[in-house]
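The chain below stands alone and is given in structure tokens; this is the form predicted on its own.
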């Protein structure tokens, strides 16, 4: 797909929690085609300690409103600066980068989208895409506490939402991979993004039930075009750059000890 370097305008900065912000961006020009699972490399201006772009998942695209959403988790100086942006400021993005999630071949396939922490970000756009194409969508979202389970009403627009929290303040207590949904239901497709141990647990469950599973890796991706080699991962086809050959991989392609 053709890549673009765009200056988008901040339409709104929504404070979702102490840790998460939602940047809603727009443009005078029509947004390019972006597929679920792809990401952007975001230039961070105004931070004296941030020299490299930050890879951020495409959270959602509203083509009718010409809006692109980025979910920002405040971790360091770069994301702190992004979380401080105000309406009218300009943000430079290189996009769309990487590959995308593949939708099921069978229209009656049962699908489960599993996210933990900031890994829930690409699943909103994926869920919207799957629902638009006629699939019944189920989300399983996990976090440490209820305050970290954000935008549940947005996910509910596109499917059934099941939740877990480690402290039991919302949904079932425990990790997403311990949710009773995984014990009582068989899904044909799993899509997951989040901490690696979580994704490996989902992958083990998928293999056990002979389901198809795609994971979105969160390796450090400084350039987004395969030049810096800092995001390399080992696959059955050799060492590849996650930013160009991923971030989405079928688990059969990964050399995970699962």
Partner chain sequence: MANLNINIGKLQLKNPVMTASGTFGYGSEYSDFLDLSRIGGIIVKGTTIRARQGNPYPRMAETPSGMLNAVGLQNKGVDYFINHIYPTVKDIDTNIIVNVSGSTIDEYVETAEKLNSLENIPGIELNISCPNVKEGGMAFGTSCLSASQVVRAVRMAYKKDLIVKLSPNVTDISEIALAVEAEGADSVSLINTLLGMAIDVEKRRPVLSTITGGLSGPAVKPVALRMVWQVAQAVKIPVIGLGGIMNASDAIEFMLAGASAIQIGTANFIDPTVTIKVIDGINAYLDRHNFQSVTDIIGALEV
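On a predicted model such as this, the values are computed, not experimentally measured, just so you know. Numbering follows the first chain given and starts at 1.
What follows is about the form predicted in complex with the partner chain, which we do not show.
Undergrad: Have a look at 61, 56, 221, 213 for me and say which one sits with a heavy atom within 4.5 Å of the partner chain in the predicted complex.
TA: In short, 221.
Undergrad: With a 4.5 Å heavy atom cut-off, would you call residue 43 a contact of the partner chain in the predicted complex?
TA: Yes - in the predicted complex, heavy atoms of residue 43 and the partner chain come within 4.5 Å of each other.
Undergrad: Evaluate residue 27 for contact with the partner chain in the predicted complex, applying a 4.5 angstroms cut-off between non-hydrogen atoms, and reply yes or no.
TA: Although the partner chain is absent here, residue 27 would stay clear of it in the predicted complex, with no heavy atoms inside 4.5 Å.
Undergrad: According to a 4.5 angstroms non-hydrogen atom cut-off, is residue 50 in contact with the partner chain in the predicted complex?
TA: Taking the distances in the predicted complex, the answer for residue 50 is yes, it comes within 4.5 Å of the partner chain.
Undergrad: Is there a heavy atom of residue 70 lying 4.5 Å or less from a heavy atom of the partner chain in the predicted complex?
TA: No, residue 70 is distant from the partner.
Undergrad: Choose from 32 to 40, 196 to 204, 62 to 70, 224 to 232 the stretch whose residues reach within 4.5 Å of the partner chain in the predicted complex, heavy atoms counted.
TA: Answer to the contact question: 224 to 232.
Undergrad: Just to make sure I understand: among 91 to 121, which residues lie within 4.5 Å of the partner chain in the predicted complex, judging by heavy atoms?
TA: The one in contact is 94.
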